[in-house]
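As structure tokens, the next two blocks hold two forms of the same chain, structure 1 and structure 2.
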Structure 1
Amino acid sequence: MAVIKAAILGFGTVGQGIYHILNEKREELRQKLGVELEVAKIVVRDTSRERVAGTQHLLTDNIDDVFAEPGLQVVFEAIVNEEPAYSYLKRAIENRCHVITANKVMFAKRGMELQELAKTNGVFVGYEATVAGGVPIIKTMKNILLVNDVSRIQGILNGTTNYMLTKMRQENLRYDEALAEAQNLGYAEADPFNDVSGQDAFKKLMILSDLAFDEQPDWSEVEVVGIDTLTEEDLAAAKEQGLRYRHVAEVEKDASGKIIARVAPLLVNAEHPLYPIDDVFNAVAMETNYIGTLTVTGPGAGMYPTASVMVEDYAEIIGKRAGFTVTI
């Protein structure tokens, strides 16, 4: 059976999740895809810490070791920040490797460029994990766009802050207690300022804007307000009135064709579609011309939901490459 060699760049929560799923699903993936996947290298900053038992021999802190691996075909990337992630993926694509990323900071800025480069090199870019964790928003929207136009997107795109708002409302946790819980559960970014300030949701929104409208608004014109502007008193007052705060990201194309976006807390009542979306869940509503409004919802952060969609991207890419659609 043919062997596909892969590398994992970054071995934090998401990188480890990929490794676990690939191991747990090894036999099933082999049967469904007709190929054997071998993780040949794992890139980390500190090779002295094994993190997952039995992976020491795969660890390297030198990206050159990855590209020196004969027959490498797939690169999973779960690093934080734009660099060195962008340079690594560019190099991977130029080396004719398929790339699968969870890096929204990098992809919001460089996604279009990497996809263009991938086209000219005959490889695929999987980026389902960059937006809304385990929610299959990218593949759903790609499908919808085959027939529909999307005019507006509104959603909860950050799991950490939705979890925090839920716990503060339901269990009267303080802001810092709720944040600590979200960090312990592996939901928050390495620097949780990105979650609570709205920057994480903003980057995800820009990726959706690229997909829906083929362009992004001018970043400097987008108002981004985080949940760090809300006080415990604000939340208590909302609860008293039977209302809920949701951290909402929205982007739309106005009548003149201009792309307008905003990220901010929104107070919603029981009739609002985002009212019941609690815990780490994300939800994305898309307004389309033929379907009407379609909303997808599911876990928006966490090791397994995020890693799962990356392995799904891998299965889809291998299926496309072999000219078949992967089904169960």
Structure 2
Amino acid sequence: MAVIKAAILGFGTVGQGIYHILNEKREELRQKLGVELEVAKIVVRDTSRERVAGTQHLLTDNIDDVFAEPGLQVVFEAIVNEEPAYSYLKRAIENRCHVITANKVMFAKRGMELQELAKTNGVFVGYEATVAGGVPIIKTMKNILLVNDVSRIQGILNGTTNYMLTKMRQENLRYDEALAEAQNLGYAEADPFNDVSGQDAFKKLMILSDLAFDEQPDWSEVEVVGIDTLTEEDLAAAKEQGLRYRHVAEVEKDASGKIIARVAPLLVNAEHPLYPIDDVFNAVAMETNYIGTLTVTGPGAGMYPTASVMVEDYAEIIGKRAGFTVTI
């Protein structure tokens, strides 16, 4: 049986989730794909700390060790910032490795570039995990776009802010109380700026814009408003009227062909597809010419939702190379 060697770049929550799923699903993946997957290297900053038992021999802090590994074919990337993630993935593609990423910050800016490079080198780029965690929005959109045109996308793309707005509405919590609860539960970082300001949702929206329209709006023209602009009075007034605030990221192509985007709190009524989406769930509503409005929803973050879609990307890539379709 053929052996496929893989590397995991970054071994935090998502990286560990990838490792666990690959091990737990090893036999099933072997039967469905007809190959054996071997994690050959794991790149970390501190090799002295074994995060998962039995992985010490796989750890390295030198990316050169990864590309020196004979037979390396797949690179899973779960690093936080644009660099060194972009440089690592560019090098992986140039070494004719398939790459699978969860890095929305990097991919929003450099994703199209990486995909073009991948085409040149005959490899694939999996990026389902860059948007909405466990929600299969990238696969869904790719399938829809084979026949349909998407004219508008509206999404709840950040589970932290959705959780906070849910608690503020249901339990009348103040903004600071809802944030503290989200942090205690691990939904929000110690520094929650990217979530509550809308920057996290904005990066994800730009990835969806690339996919739907083959371009992004001028970033400087996109209004990005956080949920910290909402007051307790705003939420109370909305509740009395049977309305709900959602932190919505939206992008559309206007009649002139210009791409327009915005991220901001939006009041929605019970008829709106994002109205029932509560807690840490994400959702994306797409307006299409043939299907109409289609909404996809699911958990937006976490070790296993994010890691599982990365492993699914791997299965899809290997399935394409072998000429068949795989679901896990």
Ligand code: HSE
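The term rigid core refers to the most C-alpha atoms you can superpose between the two forms while keeping them within 1.5 Å. All residue numbers here refer to structure 1's sequence, counted from 1. Quick caveat: nothing in here was measured; it's all calculated off a predicted structure.
Q: Pick one: is 1 or 2 the form predicted alone?
A: Structure 2, not 1.
Q: Taking the rigid core as reference, does the Cα of residue 257 move 2 Å or more between the two structures?
A: Shift of 2 Å or more: no.
Q: My question is whether residue 240 is one of the residues whose C-alpha shifts by 2 Å or more between the two structures, given a fit on the rigid core.
A: Residue 240: C-alpha displaced by 2 Å or more between the two structures.
Q: When you overlay the rigid core, is the Cα of residue 210 off by 2 Å or more between the two structures?
A: No; that C-alpha moves by less than 2 Å between the two structures.
Q: Core superposed, what is the CA shift for residue 187 between the two structures, in angstrom?
A: In the core superposition between the two structures, the C-alpha of residue 187 moves 3.9 Å.
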